[in-house]
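Before any questions on binding or motion, here is one chain by itself as structure tokens, the form predicted alone.
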Amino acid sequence: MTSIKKNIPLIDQHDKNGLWGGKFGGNFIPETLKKPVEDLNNLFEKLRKDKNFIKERDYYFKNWVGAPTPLIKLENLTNHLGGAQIWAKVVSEANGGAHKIYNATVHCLIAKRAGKKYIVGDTGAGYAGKMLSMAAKKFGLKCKIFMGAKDIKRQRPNVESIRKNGATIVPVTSGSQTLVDAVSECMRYWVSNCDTAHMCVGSTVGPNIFVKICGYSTTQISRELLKQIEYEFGEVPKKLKLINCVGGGSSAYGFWSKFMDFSKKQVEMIGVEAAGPKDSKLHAAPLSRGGKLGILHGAASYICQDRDGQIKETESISAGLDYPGVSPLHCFLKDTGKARYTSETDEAALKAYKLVTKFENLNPSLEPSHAFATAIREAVKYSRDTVIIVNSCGDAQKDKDILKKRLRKLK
């Protein structure tokens, strides 16, 4: 079994073909994209070592994004459950309400350095699109967002924000009309327009370079968290569980990145996928519910597939988790045993949202509500010397219509 190398960021632990563990990730792209991808890779490797670029990144993270986001103890929820301590890293306090702002900011800074005037991106829950439209407006770039027609209907608040920021939304009506189709259409557009436009992939998916840029960007979350934990506890607790929802996997990678050198006995990383409705056979959980290795959007990863190896339709109340694939980084973490993956149903996520908002002044979106569902189940198994931290990576403003409708029916 391949192991994780210590003191080296996971985003750099790939071979010359861009594969982690020899089989996840890579660059399964058309010939026309090889040169643009190579150019972007060369530029990124140069910029990440450029002190002026890093200084500029940190300046905008602090003064525009709002870093660091708070780490808070959920005292009332902890007392109610009577088990482990439950804390939340409230990344939703970042400008725009979600972790996607880190990746969007870095991509816009790269686009400016590349001399591009246009930036294009995909979105499911609407957060990646909203943040990219915000960052594009901030840095003077024209922006186009590809979004599934189904997601446009169910994530109306974020759609309105994208348009207010001056970006164009391209409805995608093919396939399931969700995130997977939005990514596909965005990539097709970039193939034809790569000379003038920069593409921002919204998560740690896609060809190797896009996985790396997104992972590099969201690592800011764990960079902050490690310092906050040491401030709160004096040191990293002996029994720490870091729980994060996993769709594409960007927030989870960012949440865990700086903790990968710790032993599993001390720091357990738990990823929570979307199990879909409890009465449905459809889900979006390739890591925890039997996904098979395949190729999707230019990279090899575990994917929800049918008997013929075709991409299987997914279903989840959470648009941000409703994706048939997952980051090659998480596939590698699963295969090495470094992280554990599970899944929660729509109903469990709704119940967790209801419980968290009852006891705490916190309003997590449906994505982190899946993580809170697992945290609630885990907490009762342990005593107070175990510390559970959930990445509350998005706020529920975008889900207000869904929550209003579904919570009325929830028993």
Partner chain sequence: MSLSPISLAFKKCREMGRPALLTFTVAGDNTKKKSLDILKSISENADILEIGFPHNTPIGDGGQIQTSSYRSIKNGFKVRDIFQIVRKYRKIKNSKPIILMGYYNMIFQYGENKFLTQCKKSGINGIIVVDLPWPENKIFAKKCKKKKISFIQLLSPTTSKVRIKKIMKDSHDMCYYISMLSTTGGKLKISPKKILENYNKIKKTNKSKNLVIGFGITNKTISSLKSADGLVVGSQLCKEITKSIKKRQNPVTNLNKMVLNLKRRIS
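Numbering follows the first chain given and starts at 1. Just so it is clear, the model here is predicted, and its values are computed rather than measured.
There is another form of this protein, the form predicted together with the partner chain, and it is not shown here; the text below is about that form.
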For this session: Specify the contacting stretch among 224 to 232, 299 to 307, 67 to 75, 127 to 135, defined as having any heavy atom within 4.5 Å of the partner chain in the predicted bound form.
Result: 299 to 307
Exercise. The partner chain isn't shown here, but in the predicted bound form which of Lys49, Arg384, Lys34, Lys358 has a heavy atom within 4.5 Å of it?
Worked result: Lys34
For this session: Using heavy atoms only and a 4.5 Å cut-off, determine which of Gln266, Ser280, Ser192, Asn79 is in contact with the partner chain in the predicted bound form.
Result: Ser192
Exercise. Does any heavy atom of Ser184 come within 4.5 Å of a heavy atom of the partner chain in the predicted bound form?
Worked result: yes
Exercise. Is there a heavy atom of Val170 lying 4.5 Å or less from a heavy atom of the partner chain in the predicted bound form?
Worked result: no
Exercise. Can any non-hydrogen atom of Phe28 be found within 4.5 angstroms of the partner chain in the predicted bound form?
Worked result: yes
Exercise. Any chance Ala114 has a heavy atom within 4.5 Å of the partner chain in the predicted bound form?
Worked result: no
